[in-house]
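Let's start with one chain on its own, the form predicted alone, as structure tokens.
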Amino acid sequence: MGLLSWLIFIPFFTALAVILTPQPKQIKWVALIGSGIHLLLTAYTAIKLWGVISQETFTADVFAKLYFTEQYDWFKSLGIQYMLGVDGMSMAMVILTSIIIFTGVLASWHVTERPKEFFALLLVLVTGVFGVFLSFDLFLFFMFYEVAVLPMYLLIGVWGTGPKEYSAMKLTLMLMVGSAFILVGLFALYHTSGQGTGVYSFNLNTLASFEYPKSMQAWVFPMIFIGFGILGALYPFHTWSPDGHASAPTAVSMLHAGVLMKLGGYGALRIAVYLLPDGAKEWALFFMGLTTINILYGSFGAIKQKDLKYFTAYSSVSHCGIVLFGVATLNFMGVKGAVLQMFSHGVMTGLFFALIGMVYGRTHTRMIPEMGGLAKVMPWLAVCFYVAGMASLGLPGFSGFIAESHVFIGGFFGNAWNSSVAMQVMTVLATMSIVVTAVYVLRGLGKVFLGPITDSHYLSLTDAGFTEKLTTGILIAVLFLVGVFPQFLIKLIEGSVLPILNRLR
């Protein structure tokens, strides 16, 4: 096993160790140690990769440059390989996932209901996520994609709250519809390139070397983009997302919003735009329109929510709309911003859902009107909530500002093949969401934490414990470091988006 195989399968081996652990009190420690080892290996890989990428130039590349590759024939007659590689964009997503699973285990420290199955499923889920980000054979990519999605059904259906069975079923069915769209699109690419070259392969760069007919790209691109867009909460296919967020347990909400929804933006960029550049140019303005609706709808929807989880879920719909909006700009600034937004929103929403779980564990309610004055008894959690809120509304100094400014500047610049006026109008409309975000964040958090304490029982509540402070501290530190020193992440990302954009010329 090479370095990238270890990055994929350490969580799986940890899941096996969790299953074999006899003592319930040791299960969380096994999960934490495994995810901690993975976080250290991720840091080592990222530093090693940055050392290589910082010395390279990508100006004229039209094929993805991959590093630390592992390539073995799997089903040779069908052109299916165990093909792993990493570039800057996938490395950024691996870093994000490793941070979220480590903090997710910490946030689940007090899970008592069937902890063995809970932590094992959580770790199997991230095995699939890491496999998606590191696979460059599309058959392998899709296999890991399904591994990442399917455990959500059990994690929500068994450990969730509220109408958990309904939410789990709705989420699973919607994402399976998206998977069907993706699968049809991938087989269309495989068949068409095979017919044209005589070589059938799922290798991403092999598929990219074939020029697909424009008529074929015109229908395959929207199919793949919508398939991934469903997971990325693309309007009007977003309705599964708020219900899934609201019913999921804390760590699952963190992974759901922080990582799984990023598979949508990643797949749309890595596969749809990269392999089908003419289809991307033809459909970009249409999808930019849908994502503008996403951004505004999610923002205005969050204002009306009385449940903290629905409040954050609609905020996620808006912020994930910014990701897909950046992808649809099809220019360097906008696409780079989309990848930055994936990372930034993943950390920010992971922090939000971790905090909601901590507050709910004390108050036993998520209803905003039932709270008030909690900052008096939970000062640490109140400060952390406000930090997450400032990052959400794009305050300079946090990663959200870096990401959103790239996306909106890219949208305003436009590109050579779409009407820049139409793009500018949609960018202005999308930018208005910053004001709406400020309204719902400040209004919602003010109702929860400021003013007099509304329930005398809240006077006996305690503030965050050690593991909770560690969880929130890690996530806040990442938001701040990327906001103040973004160059490491930007340098990683730039070299991986240039080959995608060069194919659009």
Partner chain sequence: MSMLPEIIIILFAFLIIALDLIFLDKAKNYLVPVTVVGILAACAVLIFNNSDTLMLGGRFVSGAMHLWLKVTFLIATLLVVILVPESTSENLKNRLSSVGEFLTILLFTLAGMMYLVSCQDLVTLYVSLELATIPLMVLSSWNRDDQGGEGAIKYLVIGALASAFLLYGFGLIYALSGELSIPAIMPQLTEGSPALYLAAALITAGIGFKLTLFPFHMWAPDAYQGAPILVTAYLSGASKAAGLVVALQIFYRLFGHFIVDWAPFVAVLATLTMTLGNVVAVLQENLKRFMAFSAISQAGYIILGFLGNTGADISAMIFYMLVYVFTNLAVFTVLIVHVQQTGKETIQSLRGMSRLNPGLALILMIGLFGLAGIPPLAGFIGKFFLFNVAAKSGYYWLVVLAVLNSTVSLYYYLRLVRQMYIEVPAEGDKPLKIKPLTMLGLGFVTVGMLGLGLIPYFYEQIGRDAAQWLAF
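Positions refer to the first chain, counted from 1. The shown structure was predicted, so the numbers you read here are calculated from the model rather than taken from an experiment.
Omitted here: the form predicted in complex with the partner chain. The next part is about that form.
The unique member of 421, 428, 395, 176 whose heavy atoms fall within 4.5 Å of the partner chain in the model of the complex: Exactly one residue meets the criterion: 176.
Using heavy atoms only and a 4.5 Å cut-off, determine which of 199, 432, 78, 367 is in contact with the partner chain in the model of the complex. Selected option: 78.
From the candidate stretches 239-247, 379-387, 134-142, 356-364, select the single one in contact with the partner chain in the model of the complex, where contact means a heavy atom within 4.5 Å. That would be stretch 134-142.
Check all three, 147, 169 and 172, heavy atom within 4.5 Å of the partner chain in the model of the complex: Yes.
Given that the partner is absent here, does residue 195 sit within 4.5 Å of the partner chain in the model of the complex, heavy atoms only? Although the partner chain is absent here, residue 195 would touch it in the model of the complex, with heavy atoms inside 4.5 Å.
Touches the partner chain in the model of the complex: residue 72 (any heavy atom, 4.5 Å): Judged by the heavy-atom cut-off of 4.5 Å, residue 72 is well away from the partner chain in the model of the complex.
So in the model of the complex, is the partner chain close enough to residue 158 to count as touching (4.5 Å, heavy atoms)? It does: once the partner chain is placed as it appears in the model of the complex, residue 158 has a heavy atom within 4.5 Å of it.
Looking at the partner-bound form in the model of the complex, is residue 191 within 4.5 Å of the partner chain by any heavy atom? Contact check for residue 191: yes, within 4.5 Å of the partner chain in the model of the complex.
Counting only heavy atoms, which residues in 454-484 are within 4.5 Å of the partner chain in the model of the complex? Nothing in this stretch is in contact.
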